[in-house]
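First comes one chain, alone, set out as structure tokens in the form predicted on its own.
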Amino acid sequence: MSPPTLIDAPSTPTETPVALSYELFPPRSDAASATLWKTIRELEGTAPDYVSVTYGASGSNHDTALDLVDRLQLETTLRPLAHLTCVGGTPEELSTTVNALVDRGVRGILALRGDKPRDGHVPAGSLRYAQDLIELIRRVELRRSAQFAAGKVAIGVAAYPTKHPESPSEAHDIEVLLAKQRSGADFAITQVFFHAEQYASLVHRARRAGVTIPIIPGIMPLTSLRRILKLSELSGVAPDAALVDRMHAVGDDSGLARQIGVEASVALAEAALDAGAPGLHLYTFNEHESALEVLARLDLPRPSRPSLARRQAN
């Protein structure tokens, strides 16, 4: 009788760790910087897999975004995922930025189209779609692949549980996501959503169309009615009317409103995990309290890692 192969050998089932990440944005003042760094230190204790660093429309906060990426790598144990928007940028400009990120040790980029200029004019020769940016990043990567020790740059993209405001249909959004995957995207993070079934529906439709990359739900701690309405306005995503009514009834500044919002956020995250979400991406607004409050209510299987104190000591 032949000895068992590794495939045949019995194995002890293990629970797959759930990825954890947060979104941060560069500070606009010294006071905002102090708040951000308190948040960073608090979030660092949860050992996230990465933190994304936003990038303003048309690179409006280019320098401060790069400064934050530098500090995260030099002063913390956190791995930055750098946002990069492409609309209005030329291939030469964007290649320079990608090279600058790679020079800084960044190995993760969230490739986004970005908001169109207010006048609607996109300069001739500039990139127009996230798919173009993905392909540009891969070209830069190919030229520098010897530096990556057989690794690569991880490229994330956006996905939309509800129809993109400029899209003709949800089906078109899935076609765009599939095109991003074919161009070299490794994973997707969703726009905010307010109804539990929306994430599961997105994943179902994407998988039927041939999308195989991980689709990570983006969860916003719904702890303020003002924040919900503002983000709804900016994103074009209609909020949950029942949730808005409940929070409005108790008063936005009350502790009860916050409690209602945390419970709603936890319910969204649990529904996404039940639908097979491989991770959670929390939009923090540079505040740690609400993100940690939501996280504390979730029993996430996380990988075993050396303690933060030990890593910092080393």
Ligand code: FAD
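When you see a residue number, it is the position in the sequence shown, counting from 1. Since we're looking at a predicted model, the values are computed, not measured.
One more form of this protein, predicted in complex with flavin-adenine dinucleotide, exists but is not displayed; see below.
K.L.:
Which one of G88, G114, P239, P214 is close to flavin-adenine dinucleotide in the predicted bound form, taking close to mean a heavy atom within 4.5 Å?
P.N.:
Exactly one residue meets the criterion: G114.
K.L.:
Using a 4.5 Å heavy atom cut-off, which residue among I189, I228, A185, V106 comes into contact with flavin-adenine dinucleotide in the predicted bound form?
P.N.:
Checked against the cut-off, the match is I189.
K.L.:
Report whether the minimum heavy atom distance between R139 and flavin-adenine dinucleotide in the predicted bound form is within 4.5 Å.
P.N.:
Because no heavy atom of R139 falls inside 4.5 Å of flavin-adenine dinucleotide in the predicted bound form, the answer is no.
K.L.:
Residue-level question: is D173 within 4.5 Å of flavin-adenine dinucleotide in the predicted bound form, judged on heavy atoms?
P.N.:
Yes, contact at 4.5 Å.
K.L.:
Hey, in the predicted bound form, is L202 touching flavin-adenine dinucleotide, heavy atoms inside 4.5 Å?
P.N.:
Contact with flavin-adenine dinucleotide, no.
K.L.:
According to a 4.5 angstroms non-hydrogen atom cut-off, is Y50 in contact with flavin-adenine dinucleotide in the predicted bound form?
P.N.:
Close contact is absent here: in the predicted bound form, Y50 is far from flavin-adenine dinucleotide, nothing within 4.5 Å, heavy atoms only.
K.L.:
Just to confirm the contact call: exactly one of 95-103, 163-171, 144-152, 205-213 touches flavin-adenine dinucleotide in the predicted bound form at a 4.5 Å heavy atom cutoff, so which is it?
P.N.:
This holds for exactly one stretch, 163-171.
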